[in-house]
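A single chain, nothing else alongside it, follows as structure tokens in the form predicted on its own.
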Amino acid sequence: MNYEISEKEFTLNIDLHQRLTLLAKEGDLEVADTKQVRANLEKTLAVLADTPYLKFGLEAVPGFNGLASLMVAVEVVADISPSICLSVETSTRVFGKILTQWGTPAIKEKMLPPLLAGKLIGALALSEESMNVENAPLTAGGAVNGDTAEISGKKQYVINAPVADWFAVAGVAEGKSAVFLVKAGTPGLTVGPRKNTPGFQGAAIADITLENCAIPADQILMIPDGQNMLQTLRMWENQVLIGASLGLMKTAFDGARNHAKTHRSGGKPVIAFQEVGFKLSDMLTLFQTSQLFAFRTAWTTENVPADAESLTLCAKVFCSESAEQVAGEAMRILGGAGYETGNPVERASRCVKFLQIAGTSTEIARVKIGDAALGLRN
């Protein structure tokens, strides 16, 4: 395992940072207006489509190291805009992996080119009664009748729901796990009001309802026997959240370090106080350890897939909780300045809690990690 950033990765990171910084100056990427969220997402995807970014994890990119390269790049995107990162990764990486892993040749030919060109926005509809799908079977689904199928069900906390072109709805068909591809505007599909969240305000999240929603049978992706759909989907979600954690930690650490170097208290720079140096030291340790954890997770996913789920859960717990610690310490260093709305550290502090409850929650993850350590999970 080589975690050294290559010259190509370094150059891409600089390019991404410059492009997205310019985009952020043109308009607020964290704005909560749904129409603006769609516009921001379209602009960002167009920018990213001019780079290899959208292809990572979906197809081989010469000179780059797959998911490991992605983790490095996601940190840059999440640092500029955590909301854009969450929206793009849910669409391109999670929705895209559903297509590449389970899609038929016809589905891939139809949907992958516009997705990779940044012209299609996808959403995953997974959670039902709560964000937790680990302890209750999915109920969404329906029966195939010839060339069509009618599906019904309710899904909660669907990222990109108000702005998506296509929905990947996880459920059951003919008694087996399946993903239903439902186009926005299909009769029977209703997108609820957008949720008002304290963090990730620039990402559109809502519930959806399907009532006898008719789709062509070829838009049902049946999961092969022996594959655990929920486990796989959760792992992909968790990897997105790991990457977002890195970006939020970078935002918080950079904000605290810059404040400590440029502001004065008691007639001397804030950095001159030993306790501030200790805080920055602890923050940097957590941040860099999280980076190594994320890179190892990405490498393992592609090279030792049998170990990927447990390691992803470990990384998700460590990185998400470290992000909260780093953001909290940054707020303490900035003091009142950090509590003002619009400050990047304040924004990071509002976003980090979502990382622990989204995907596999830290509580459930700990149970699964413990089971794996005891040899109770495959």
Partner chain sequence: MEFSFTKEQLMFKKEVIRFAKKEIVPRIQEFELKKQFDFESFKKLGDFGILGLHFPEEYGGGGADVITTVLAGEALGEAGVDGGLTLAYGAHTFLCADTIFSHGTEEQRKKYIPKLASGEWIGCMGLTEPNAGSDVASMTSTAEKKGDKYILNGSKIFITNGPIADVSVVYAKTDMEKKHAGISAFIVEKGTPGFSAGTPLIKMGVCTSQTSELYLSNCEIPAENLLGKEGDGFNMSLQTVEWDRSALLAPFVGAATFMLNRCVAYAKDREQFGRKIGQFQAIKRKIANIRIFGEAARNLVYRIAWCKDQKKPLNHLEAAVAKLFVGDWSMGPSNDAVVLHGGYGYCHEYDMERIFRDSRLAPIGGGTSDIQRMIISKLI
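Model, not experiment: these values are computed from the prediction. Numbering follows the first chain given and starts at 1.
Keep in mind that the form predicted together with its partner chain is missing from the display, and what follows is about it.
Its partner chain is not drawn, but in the predicted bound form it has a heavy atom within 4.5 Å of N65. When its partner chain is considered in the predicted bound form, I107 lies well away from it, no heavy atom lying within 4.5 Å. In the predicted bound form, its partner chain stays beyond 4.5 Å of every heavy atom belonging to E7. Among heavy atoms of I357, none comes within 4.5 Å of its partner chain in the predicted bound form. Between the options I80, L286, V270, I220, the residue in contact with its partner chain in the predicted bound form by a heavy atom within 4.5 angstroms is L286.
Residue in contact with its partner chain in the predicted bound form (any heavy atom within 4.5 Å), chosen from S281, N196, T262, N145: S281. Here the chain stands by itself, but in the predicted bound form one stretch of 98 to 106, 159 to 167, 272 to 280, 187 to 195, 272 to 280, has heavy atoms within 4.5 Å of its partner chain. Scanning 303 to 322 for heavy atoms within 4.5 Å of its partner chain in the predicted bound form gives S310, L311, C314, V317, F318 in sequence order.
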